[in-house]
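Before any questions on binding or motion, here is one chain by itself as structure tokens, the form predicted on its own.
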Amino acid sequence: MDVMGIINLNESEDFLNELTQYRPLAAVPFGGRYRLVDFVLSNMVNSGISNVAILIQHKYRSLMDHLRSGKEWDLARKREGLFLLPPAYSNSPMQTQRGDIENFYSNLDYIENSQQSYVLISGTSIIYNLNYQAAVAYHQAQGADITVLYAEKDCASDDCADAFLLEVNEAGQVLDMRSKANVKTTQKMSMETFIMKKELLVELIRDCIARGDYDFIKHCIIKNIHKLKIYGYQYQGYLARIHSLQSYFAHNMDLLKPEIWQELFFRDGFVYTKVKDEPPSKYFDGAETDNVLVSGGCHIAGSVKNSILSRGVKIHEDASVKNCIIMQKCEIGAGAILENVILDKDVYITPGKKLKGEASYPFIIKKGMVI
């Protein structure tokens, strides 16, 4: 496909401070052994995109360790493949960086030298499984300057706070795009994924730099709605928007529903992630599991219900884990009780401890803590 992919990591992550202290939002674990970046990266690869760049921001060691050469996504290539583009402040460390436009501009030579005619730009905070080929074909058929992917969301039941909402006419053209805080009706929510000609992207970036603009969505997209032909392409399927602790917890728990798990991981292609070649999980005498998503290398001797376990988790005898997200290499001591809890990597819960949060506000423990 004549399209290059750009994954833009200029995303708000303050709502997950405990999980993003040492990693970007893109590297936050999701669904056991996956990271948020895996979904958009797999979408691009499954769509035939073989030239993918990631505009990194900060705290990116964890992301680099996860992606490595890009081999798991078939992007470890002699030509094209996976590129990690350094942030703008690496060239000008003493200057204040206001937004992502400067990151685009500092890597403009890479964009201009790429062989593809089109570019697809996306973030990692919105999770879905989609082959982009139909969206690109729609973009070309409409003769659009920019195509924005969107989904219909019932904002009465789903939190649409701070989401970009679209107004689209019958022909599919975007008339308005803005962020609303307290909407309670069905809305067309932007998936913050954009398709355009590479030359147009370069022109928009240069124009923003010349005018002192700094935000890609606000100044390249919204500011040009009435100047360019911007169309909306509707996605129909499961979509998880990670924008709060509650949404992160709820969408992880959605994966315990077989129909959602099947759609997200298999609908339009597989979701790929870093391979670690771990042994199968072990279940010891007395172990009880009910509706659990378990990654490789776990040791389970206690009770686990409605929970997600990442790689290498150890749950000792008489321990009880319910409605929890337990990340890599955590250890739950004998007799400990956990309910509605999120444990980051390498957390050790000593024997007999009791931790309980609420489904609407789970209790979260930082990486490496001993409780």
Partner chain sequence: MRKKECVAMLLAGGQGSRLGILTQKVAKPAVPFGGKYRIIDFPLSNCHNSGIDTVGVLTQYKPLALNSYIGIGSAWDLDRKDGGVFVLPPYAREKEAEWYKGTADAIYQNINFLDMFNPSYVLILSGDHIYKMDYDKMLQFHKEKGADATIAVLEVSDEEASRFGIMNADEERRIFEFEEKPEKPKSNLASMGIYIFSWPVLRELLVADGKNAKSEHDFGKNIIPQMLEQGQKLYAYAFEGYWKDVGTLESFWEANMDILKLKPEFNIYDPNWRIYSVNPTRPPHYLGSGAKVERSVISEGCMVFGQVENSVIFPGVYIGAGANIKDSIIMPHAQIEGNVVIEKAIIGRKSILKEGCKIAGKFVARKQEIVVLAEKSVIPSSVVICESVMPGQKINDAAQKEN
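Bear in mind the structure is a predicted one, so any value in this text is a computation, not a measurement. Numbering follows the first chain given and starts at 1.
There is also a form predicted in complex with the partner chain; it is not shown, and the following applies to it.
Residues of just one listed stretch (319-327, 28-36, 47-55, 339-347) have heavy atoms within 4.5 Å of the partner chain in the predicted bound form: 28-36. Interface residue remark: D290 is counted as part of the site for the partner chain in the predicted bound form, having a heavy atom within 4.5 Å. Using a 4.5 Å cutoff between non-hydrogen atoms, L108 does not count as a contact of the partner chain in the predicted bound form. Remark: Y283 counts among the residues lining the partner chain in the predicted bound form, judged by a heavy atom distance of 4.5 Å or less. Using a 4.5 Å cutoff between non-hydrogen atoms, Y233 does not count as a contact of the partner chain in the predicted bound form.
Proximity to the partner chain in the predicted bound form, defined as a heavy atom within 4.5 Å, singles out one entry of R211, K184, K227, K276, which is K276. Contact annotation: of the candidates C155, A151, A250, L256, the single residue with a non-hydrogen atom within 4.5 angstroms of the partner chain in the predicted bound form is L256. The partner is not shown here, but in the predicted bound form the stretch 55-72 reaches within 4.5 angstroms of the partner chain through a heavy atom at K71 alone.
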